[in-house]
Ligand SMILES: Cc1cc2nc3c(=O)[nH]c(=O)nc-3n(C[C@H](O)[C@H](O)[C@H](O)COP(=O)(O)OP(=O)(O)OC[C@H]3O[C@@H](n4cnc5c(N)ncnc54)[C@H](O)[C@@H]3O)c2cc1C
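Consider the single chain below, provided in structure tokens and representing the form predicted alone.
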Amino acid sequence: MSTPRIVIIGAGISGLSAALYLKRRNFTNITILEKAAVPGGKIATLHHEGLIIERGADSFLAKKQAMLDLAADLGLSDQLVGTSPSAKHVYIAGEHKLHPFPKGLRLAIPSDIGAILRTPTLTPFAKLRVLADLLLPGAKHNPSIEDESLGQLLTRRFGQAFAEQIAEPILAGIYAGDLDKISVQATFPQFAEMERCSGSLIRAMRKQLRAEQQEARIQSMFLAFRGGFSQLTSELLNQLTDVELHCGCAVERISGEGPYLVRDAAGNEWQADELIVTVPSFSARKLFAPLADIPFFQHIEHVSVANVIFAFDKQSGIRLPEGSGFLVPRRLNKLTTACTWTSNKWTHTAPDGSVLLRAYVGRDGQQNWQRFTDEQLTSEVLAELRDWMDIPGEPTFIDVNRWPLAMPQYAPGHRQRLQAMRDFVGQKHPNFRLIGASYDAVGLPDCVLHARQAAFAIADTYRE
């Protein structure tokens, strides 16, 4: 069949990218079905009186090539911007005060021994325990360790105090998770590889940073789009005008074994020779009966998160420290898990005279905030921010964004369960592909990467 019917369920970054790369491989019969009223998924930019407000994803790691490639493919490379050079400092919240994070941390792995010794966050004993990493044996002396939690690995290498007070706010914050329940192999497999190769994670990180400095590759660790991430969605849609897109279309059931029959809640039906499903795992298993009993779908959980955006007039007297924001350790038991000083970190997001803040809410084990109204949530979060920061005036603008079950939790053994699931689906249903955040792509660049891989795999199937 030279012109297969391809149906993509979900018009987030995964679905739209898959459609683009299928189109670039000369496929023409492509249909995208999206439950929401508008496409974009977790990308949602609000423009308000000169403010550029990201309601969802706000940046990506600069070293992730898939997103750089997509920007280039869409002609948006010149729209990429890095963080402000003056926003390098990050803080950690104490009871009523912000403390500077130790310098030299890269994804919570220390590289600057002097900075660890000088930090007021750790006791003298805890600092010595961190430096014990330089002496402890590596994983090659622990052959039974196949996968473990980030909490186990970092406690083993650096001690419990470092894991809880410094590593946890950084790494668990990325996944809105519990450090003791997040898989190393599914999130930061490079940590395990660094330990195997170098023993000490500190030595391995110092070596990596020296190599990066010599290559002068990393000017900004994070990148964003000058006009907001909606630029990305808009340009994808501009280049997919000949792709059939149905929004407000809630898929209800998938049946068949290829070709598949896709039916929505209104009774509309589509036939698909190739099917790409990008919706979360808890939705996918309800759509397609053969998925229901696979262990992978029974083990993975998702956590709800939110963000509250505050805009202030500088004339109100608000003063921010120099830096990009702060993280809040779990042990403080606060609603706020982190706060980005957006107008400091991304200078293009606010006009002169305005201050833009973004507070994050929600993580595994701390979900009580969901019963709050938007007004209650705003009031509680603002009170917490004022406990850490000098905010004398009232905000000129507030925006509350809730993302139900948006963050998948990759527990130890996730990769093994994922591979077993994909082996089963690939054998029984080779034209049925599952991609997206629930599987192995929490960040936007990984969603793009796996979407491109799925598109190329389909192209290989129909290569003459």
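What you see is a predicted model; the values in this text were computed from it and never measured. So that there is no doubt, residue numbering starts at 1 and follows the sequence shown.
This next part talks about the form predicted together with the ligand, which is not shown.
Of the stretches 250 to 258, 327 to 335, 348 to 356, 156 to 164, only 250 to 258 has residues with a heavy atom within 4.5 Å of the ligand in the predicted complex. Contact check for residue 18: no non-hydrogen atom falls within 4.5 Å of the ligand in the predicted complex. The ligand in the predicted complex is approached by residue 59, whose closest heavy atom lies within 4.5 angstroms of it.
Mapping the unseen interface onto this chain, residue 36 counts among the residues with a heavy atom inside 4.5 Å of the ligand in the predicted complex. Within 4.5 Å of some heavy atom of the ligand in the predicted complex lies at least one heavy atom of residue 307. Taking 52, 70, 437, 434 one by one, only a single residue has any non-hydrogen atom within 4.5 Å of the ligand in the predicted complex, and it is 437.
Taking 66, 400, 421, 406 one by one, only a single residue has any non-hydrogen atom within 4.5 Å of the ligand in the predicted complex, and it is 406. Remark: all three candidate residues (13, 283 and 442) come within 4.5 Å of the ligand in the predicted complex, counting heavy atoms only.
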